[in-house]
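Presented as structure tokens, the chain that follows is alone, the form predicted on its own.
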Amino acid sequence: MNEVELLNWARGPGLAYATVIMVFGLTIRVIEILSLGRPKELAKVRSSGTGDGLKLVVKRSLPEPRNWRFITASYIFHIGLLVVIFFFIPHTQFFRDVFGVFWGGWPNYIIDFFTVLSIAAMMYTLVQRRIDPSRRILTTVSDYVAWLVTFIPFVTGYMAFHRLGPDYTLMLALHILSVELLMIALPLTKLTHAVTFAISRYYTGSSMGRRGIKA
């Protein structure tokens, strides 16, 4: 298989397989969480818990003062990821072609800025996980796998756009394949939190609110 055939496969069957696995896997994960339901309330219910659940979703999404450097790097990465996915012009054209919706992209120099910033932030968080004893103990193989499959699309995308690899077609194919690997990893690793974080935070806040506990 040459570079052109690899690219065509990545854009066609590869993308289709990755999408099916991601959607099916994430759907199963969400169903599993929702099927757990609530345990029987043994104490007096103080409120519906709806407001408390929504409040905790927002509260846990805001940065906390402790460990501000690590947390800041994490927020920078997440913001950069969203910017690159949804405002890089080739990506917006992809959403138009696949979903029929289109919005204007941002200039390439802004996307470049957020890409490099995100790569630097991810490198920083990885170094912190290695040098901080407590984080190193808590970090599992799954965490490193999740980091790697998230990191590679940034690097391959940057290299493909700037023609830094040995062959543009090959680098573009590798970028698309790395994105598809990330899609497959979403329901299989801790990256599932990209979808389930709101559910878990809402459930925790709602449960505490129903018991009259301040989250």
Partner chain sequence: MTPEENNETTETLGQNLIGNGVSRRTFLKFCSTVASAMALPPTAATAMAETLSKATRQSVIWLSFQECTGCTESITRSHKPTLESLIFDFVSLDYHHTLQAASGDAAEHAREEAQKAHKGKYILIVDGAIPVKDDGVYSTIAGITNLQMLKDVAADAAAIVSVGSCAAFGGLPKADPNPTGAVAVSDIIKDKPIINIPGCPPIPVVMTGVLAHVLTFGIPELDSHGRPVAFFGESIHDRCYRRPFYDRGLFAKAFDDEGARKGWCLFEVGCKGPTTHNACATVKWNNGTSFPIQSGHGCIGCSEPDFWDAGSFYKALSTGSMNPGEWATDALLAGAAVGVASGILNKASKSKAEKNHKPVTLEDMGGKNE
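Fair warning: this is a prediction, and the values are worked out from it, not measured in the lab. Residue numbers count along the first chain shown, from 1.
The following text describes the form predicted in complex with the partner chain, which does not appear among the structures shown.
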| item | value |
| --- | --- |
| Partner-facing stretch of 128 to 136, 87 to 95, 141 to 149, 115 to 123, counted where any non-hydrogen atom is within 4.5 angstroms of the partner chain in the predicted complex | 87 to 95 |
| is_contact(Phe197, the partner chain) in the predicted complex, heavy atom dist at most 4.5 Å | no |
| Thr192, heavy atom within 4.5 angstroms of the partner chain in the predicted complex | no |
| Partner contact for Leu172 in the predicted complex: the partner chain, 4.5 angstroms, heavy atom | yes |
| Ser74 within 4.5 Å of the partner chain in the predicted complex, heavy atoms | no |
| Stretch 1 to 26: residues contacting the partner chain in the predicted complex, 4.5 Å heavy atom cut-off | Asn2, Glu3, Val4, Glu5, Leu7, Asn8, Arg11, Gly12, Pro13, Leu15, Ala16, Thr19, Val20, Val23, Phe24 |
